[in-house]
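As a starting point, one isolated chain is supplied in structure tokens, in the form predicted alone.
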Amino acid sequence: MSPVQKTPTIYDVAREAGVSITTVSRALNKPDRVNPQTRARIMEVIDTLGFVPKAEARARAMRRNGRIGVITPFFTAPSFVQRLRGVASALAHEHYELVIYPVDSVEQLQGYLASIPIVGNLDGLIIMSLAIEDQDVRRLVENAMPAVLIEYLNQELHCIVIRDEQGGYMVGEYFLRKGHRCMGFIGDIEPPERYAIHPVRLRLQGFKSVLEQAGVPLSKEYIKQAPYTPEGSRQAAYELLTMDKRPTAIFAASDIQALSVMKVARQLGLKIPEDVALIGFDDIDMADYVDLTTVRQHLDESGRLAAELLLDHLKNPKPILQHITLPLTLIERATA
């Protein structure tokens, strides 16, 4: 008779990792408070041993309602709020709590992705606008943690995909049809955050591509790096709008930055679209209120679809993986 395999315990993990059980517990429950190298070593041991925290498993079994987690950067930004609103709407009549995990550092993201699948106190996970490593995907899959990615593609998980390059291309085509030949761009091209994906580069790439094809390439001096802050956006707008040869049209990589362009133009006595046409990106709620022409990326819909994919996965443990590309739409209003 072969010996009965012993179920690994937290003591086994601590011994193999060379740390205390307190450190193991902290790595699972408060991962951002553990040194990244130590946490990585602990998670490697956990993966190898196949350790599952019993207390968490019991707590999960006793819950009446399930729990859906959302890991997101910039969760107070209007576009992310609208995505969260879409998630919440899909869960409104389901027996699931919504738990938000805000991310503001690489270490915090890595901590969440290392511990959440192991601890098992969530039924499913939605990951917004974050690039995740193959090892993190593997951990999600091996621990049977259903997950959906928004704005990032991975063949092993459900994904909601946005074609940002196409959006920039659409803006360029629109401006060209309107007869513009001198155009500018404002966006956070070189953001400091290493933990989030940054679609602005793709939007710029699509914009530049269509202009080059038309023989009116976008000069470097008309491309303004603008941090995603009111001050940074207004400064970039001022630089463009006070050039000797002012652009007749501006593509702002987000609606929030387009609002800054509108404010600066007004302060300089310029009329939109008579003196300068303007197009934003996202179609946040405020865009309709100020009559901003913009590229709609169906923010609420992306959140709702992600939640629905997750709910279907929870009902069907072996679903067919879906990669859904949401169409972009240029919404013509009063600014272009």
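Here the structure is a predicted model, which means the values were calculated and not measured. Start at 1 and count along the sequence shown; that's the residue number. In this text, rigid core is short for the largest set of C-alphas that superpose within 1.5 Å between two forms.
Only in words, not in the display: the form predicted in complex with the DNA, which the text now covers.
- Within 4.5 Å of the DNA in the model of the complex, a heavy atom is found for not a single one of 272, 287 and 335.
- Taking the partner from elsewhere, residue 328 is found to have every heavy atom lying beyond 4.5 Å of the DNA in the model of the complex.
- Taking non-hydrogen atoms only, residue 36 approaches the DNA to within 4.5 angstroms in the model of the complex.
- Although the partner is absent here, residue 316 is not a contact residue: none of its heavy atoms lies within 4.5 angstroms of the DNA in the model of the complex.
- Taking the partner from elsewhere, residue 30 is found to have a heavy atom lying within 4.5 Å of the DNA in the model of the complex.
- Listed stretches are 287 to 295, 300 to 308, 44 to 52, 273 to 281; the contact stretch with the DNA in the model of the complex is 44 to 52, by a heavy atom cutoff of 4.5 Å.
- Shown without its partner, the chain has 18, 19, 20, 21, 22, 23, 25, 26, 29, 30, 32, 33 in segment 14 to 33 as residues with a non-hydrogen atom within 4.5 angstroms of the DNA in the model of the complex.
- Relative to the superposed rigid core, the position of the CA of residue 323 differs between this form and the one not shown by less than 2 Å.
- After superposition on the rigid core, the Cα atom of residue 40 is displaced by 2 Å or more between this form and the one not shown.
- Core-superposed comparison between this form and the one not shown: the C-alpha position of residue 314 differs by less than 2 Å.
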